[in-house]
Ligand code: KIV
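Only one chain is given next, in structure tokens, and it is the form predicted alone.
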Amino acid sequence: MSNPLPSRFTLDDLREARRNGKKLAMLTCYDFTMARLMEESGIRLILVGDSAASVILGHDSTIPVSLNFMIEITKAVRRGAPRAFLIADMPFGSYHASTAAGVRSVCRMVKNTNCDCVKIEVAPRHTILVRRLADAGVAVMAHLGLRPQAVAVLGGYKAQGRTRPAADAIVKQALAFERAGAVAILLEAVPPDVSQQVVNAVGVPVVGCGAGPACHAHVVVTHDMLKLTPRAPKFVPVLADMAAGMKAAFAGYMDQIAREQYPGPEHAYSMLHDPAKR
């Protein structure tokens, strides 16, 4: 059932969800049409993820996607969902060279897309970048745990924080980024115990991506949830098999043409007897 948003969802609304305990749904989105449908369905939080590198462009990692591409698709999603709280993912290479370069890239993203927040896969040295951005008035979501842009260092797409020292390090980093000015923390692929510790330690909203029930909001890759990808991570609820429906539609179209059922008279334009009548 459609549940259009009555007004634009803001950071204050996200903070209020932390206070009142209401759990929020976040989905990834990469285009205008899907964004429109999400907003019409009542989705309040949308992440334009660099996962577009895989599910849209067909790469085997998020590394190749460019800042220009991320800006364009974020603009498209904003047009489709003008009232949602829109988070833009900063892609690999856009903030790694230096703090100054990172600030320039983030400011370019915000100015060109009208996003509400940027998400950055952070390492300890990025506290300076987050502080500079916060001082400039930019809302930053700090991404901890499994960081897909760093899989070469992490040794692959593996859950993080599964030992006590690793869990303690994630909690420590979450606190450091909150102090640096991050408005929210995103935890990916960590045990529920770790996310609970982070929720207890920080005062900002915590978004989980395969991080257990303690988080204030939860995000998954939409294409995984709709079974549009060959295999979804274990933490993704597969709620519809859109791939099967789409393939059936494609096959039906081919069949109609093969049987010469399409195009039919109802699909054709008639000749105009009076050229003035168009």
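Computed from a predicted structure; not experimentally measured. Numbering starts at 1 and follows the sequence shown.
Omitted here: the form predicted in complex with this ligand. The next part is about that form.
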>> Cys215 versus this ligand, in the predicted complex: is there a non-hydrogen atom within 4.5 Å?
In response: no
>> I'd like to check something about Thr229: if you look in the predicted complex, is any of its heavy atoms closer than or equal to 4.5 Å to a heavy atom of this ligand?
In response: no
>> Under a 4.5 Å heavy atom criterion, is Leu45 part of the interface with this ligand in the predicted complex?
In response: no
> Contact between Glu188 and this ligand in the predicted complex at 4.5 Å, heavy atoms?
Replying inline: yes
> Using a 4.5 Å heavy atom cut-off, are Arg132, Val140 and Val183 all in contact with this ligand in the predicted complex?
Replying inline: no
> Counting only non-hydrogen atoms, which stretch in 219-227, 249-257, 32-40, 236-244 is within 4.5 Å of this ligand in the predicted complex?
Replying inline: 219-227
> Can you tell me which residues in 44-79 come within 4.5 angstroms of this ligand in the predicted complex, by heavy atoms?
Replying inline: Leu47, Gly49, Asp50, Ser51
